[in-house]
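Listed next as structure tokens is one chain, alone, in the form predicted alone.
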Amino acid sequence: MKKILLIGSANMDLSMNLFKVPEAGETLLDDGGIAYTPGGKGANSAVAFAKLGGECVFCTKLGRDVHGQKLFNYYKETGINTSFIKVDPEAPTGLAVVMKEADGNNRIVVYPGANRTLNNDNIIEAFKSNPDALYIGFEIPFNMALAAAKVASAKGVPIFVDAAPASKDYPLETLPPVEIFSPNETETFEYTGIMPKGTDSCLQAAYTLYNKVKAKYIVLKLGARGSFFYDGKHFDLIPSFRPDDVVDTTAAGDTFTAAMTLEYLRSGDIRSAMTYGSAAAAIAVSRKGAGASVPTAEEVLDFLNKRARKQ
């Protein structure tokens, strides 16, 4: 079993079910309901690794509050290694407001809180876990993600980057060589100024990123259209699986990237890894919630077997 050190964000999600998001100056009454559920891009991926059969060591910061305690307990129950989760005595636990519309699409606003207080000492200590891989995202400060990548590189640990959220100001060229660098469509546009709509624009965007980031593979997440990879010589579009019903797209990208990473570590095959990630994401969007929507390894295998029999 591969041990993955995930250095990333942890949030409590305030999920709001809306018929539609109000326009500027508009007030709406809605009875879709609200709920507090575990979230955060880093935490969602940690849950995915644990549910899909990986050994995940999670390094993050929580606040000393009710949300932080609930999240910590949830991570332990899920099977995540919580040895390197720290508590900030002053900053609140990160909060994400997730506005979900009737069609399953969402808009998210994140208040980072304790995620912003992760520091170098926390990162160095976490590497005492002797991981087989490092997985990072950018909901923690970019300089901390960069510091973690540099430690991993010095130790010869392969690096996987879920490149979200994006900023054109991030100095991506300062990252050490990484195995996979994976943004979604809007993040790709933020980094490159190119919206990956068709094969030509996907290739152009991936080529631009390949010349910014020292990555073995650039993997663009294209939502319902699938995912696109480029390795400097070859490219391919891996189609998505059509879910039976789209209920909630929250954490679909986190689930895809984590599942892809885990399968890539197992097989070394980028195409089969992307297919596996697509299957996991298709299951996730058919369920409500973030971490709660992530499937188990058995569910993904069953999904793939059923789809194979239909072909």
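Everything numeric here is computed off the predicted structure, so don't read it as measured data. In this text, residue numbers run from 1 along the sequence as written.
The form predicted in complex with a small molecule exists for this protein as well; it is not shown, and the discussion that follows is about that form.
Taking the small molecule in the predicted bound form as the reference, which of Ala273, Leu52, Cys56, Val285 has a non-hydrogen atom within 4.5 Å?
-> Exactly one listed residue reaches within 4.5 Å, namely Val285.
Listed residue that, although the small molecule is not shown, lies within 4.5 Å of it in the predicted bound form (heavy atoms), from Val47, Ala258, Leu62, Ala281 = Looking at Val47, Ala258, Leu62, Ala281 one by one, just Ala281 meets the 4.5 Å heavy-atom criterion.
Touches the small molecule in the predicted bound form: Tyr74 (any heavy atom, 4.5 Å) = No - in the predicted bound form, heavy atoms of Tyr74 and the small molecule never come within 4.5 Å of each other.
Ala102, heavy atom within 4.5 angstroms of the small molecule in the predicted bound form | The answer is no: Ala102 has no heavy atom within 4.5 Å of the small molecule.
Consider Leu262 of the chain shown here, and say whether it contacts the small molecule in the predicted bound form, taking contact as heavy atoms within 4.5 Å.
-> Because no heavy atom of Leu262 falls inside 4.5 Å of the small molecule in the predicted bound form, the answer is no.
Should Ile34 be classed as touching the small molecule in the predicted bound form when contacts are defined as heavy atoms within 4.5 Å?
-> Close contact is absent here: in the predicted bound form, Ile34 is far from the small molecule, nothing within 4.5 Å, heavy atoms only.
Segment assignment from 224-232, 169-177, 82-90, 151-159: heavy atom within 4.5 Å of the small molecule in the predicted bound form = Heavy-atom contact with the partner occurs in 224-232.
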